[in-house]
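Quick setup: one chain, the form predicted on its own, written in structure tokens, and binding and motion questions come after.
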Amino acid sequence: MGFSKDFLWGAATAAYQIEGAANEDGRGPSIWDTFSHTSGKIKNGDTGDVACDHYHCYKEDVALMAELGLQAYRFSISWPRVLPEGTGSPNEKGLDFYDRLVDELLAKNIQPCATLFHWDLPQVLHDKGGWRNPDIAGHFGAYAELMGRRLGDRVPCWMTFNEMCVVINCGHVPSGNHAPGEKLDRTGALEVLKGLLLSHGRGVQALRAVLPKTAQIGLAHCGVVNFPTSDSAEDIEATRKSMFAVPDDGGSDLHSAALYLDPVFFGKYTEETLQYFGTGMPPVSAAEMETISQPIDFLGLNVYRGRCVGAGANGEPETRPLEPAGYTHFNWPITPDVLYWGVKLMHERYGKPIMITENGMSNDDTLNADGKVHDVERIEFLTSYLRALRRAADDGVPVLGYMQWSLMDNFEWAEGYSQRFGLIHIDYETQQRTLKDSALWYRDVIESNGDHL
């Protein structure tokens, strides 16, 4: 069976990680500008001030996408580039950049897929309370309307948010190491979640009001994605329960998929969730839940790794020892089965088509004397994960597409430039781009629609 004929093969990036031009053409500061310029927050004192200089090099980058045969490109819009104050008068030069980018993509027959929020909240909005400000959903809705009106005639695929789970667990809890670096208790983190969910709903409403009826709207989620230790019914059920239970089987309060996705797709939290958090859960009115649960067309999944789960003596989930195929440069275990089971169980629960909006690996890539990057480890990684995804497609799960993370090496948040995820190698001193062996391999995969894996 394999992948469908209209399967989208692409790659993904995020604005702050690649654009640079942090202080050019009217762009305002984001929380990541502030955070990266705070001593001790980012490895080696790195910042996204220049990054891959995509703001100036976008034509070269799109030409490389075309050389790779990409059919789609998932990018994010920098909210502070188009609305420096977060609200109010738009920045025409910022809007013009995304006009030019989208037009360049279309000229190369590459479908643009836009994400509205990939972590770079305008600093001025954070200073006013961020996601806990009762006005934030309205601000996000206005931003979504602005971008929908500006690009909606050319961009057919939209995502409101990237990884609400990471926004909270890395940016708003004591153990987090991402911007804005808030050290909130659990109640405060749940207030952030409410603001994120309401903003998502308002964003969907705004996009629906201005986009063509054919436009597809979703969001990109990353959270608990596990796989069973065996194909027994008991281990599969334990895995299913572990992905949607609160807390999950690893003991975390704020990672369960149900916490983020049940309100979006079902318009309610599970009884287990409400009982567990009790009075710590901020009240959500019926009208607010109606906003949160605006219908969307697909679920994006960012999948890199997972836990192995089996059924204990009482049938309850137990985390089992991993036997990974290896480890990435980030020291993440390589667990390709997670791409099969994550897609399968998420579709089973939420009933929507799935798009893999991120998947890839950090590797110790170096430019060799022959002028090439021989990243055989990445090729092996992607082969095993894509075979697992193809298995899900063979089982009849509607899989819309696959966005490799990432198109190019970039600013990897708290890790600075120490981790390389790209198909394209970036020399940060010269901004020279070099296609890695994995990029050429991926071109062949795309040409065969995944048959050559």
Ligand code: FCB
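Numbering starts at 1 and follows the sequence shown. Here the structure is a predicted model, which means the values were calculated and not measured.
Missing here is the form predicted together with the ligand; even so, the following discussion is about that form.
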key: the ligand in the predicted complex: contacting segment from 263-271, 311-319, 100-108, 155-163, heavy atom within 4.5 Å   = 155-163
inquiry  = Using a 4.5 Å heavy atom cut-off, which residue among 304, 73, 350, 298 comes into contact with the ligand in the predicted complex?
reply    = 304
message = Using a 4.5 Å heavy atom cut-off, which residue among 119, 277, 381, 244 comes into contact with the ligand in the predicted complex?
response = 119
ask   = Does residue 358 reach the ligand in the predicted complex, with heavy atoms at most 4.5 Å apart?
value = yes
request  = Using a 4.5 Å heavy atom cut-off, state whether residue 385 contacts the ligand in the predicted complex.
outcome  = no
query = Is there any non-hydrogen atom of residue 33 lying within 4.5 Å of the ligand in the predicted complex?
reply = no
inquiry  = Since only the chain is shown here, I'm wondering whether residue 412 would be in contact with the ligand in the predicted complex (any heavy atom pair within 4.5 Å).
reply    = yes
task = Determine the residues of 328-352 with a heavy atom within 4.5 Å of the ligand in the predicted complex and present them in sequence order; the list may be empty.
result = 332
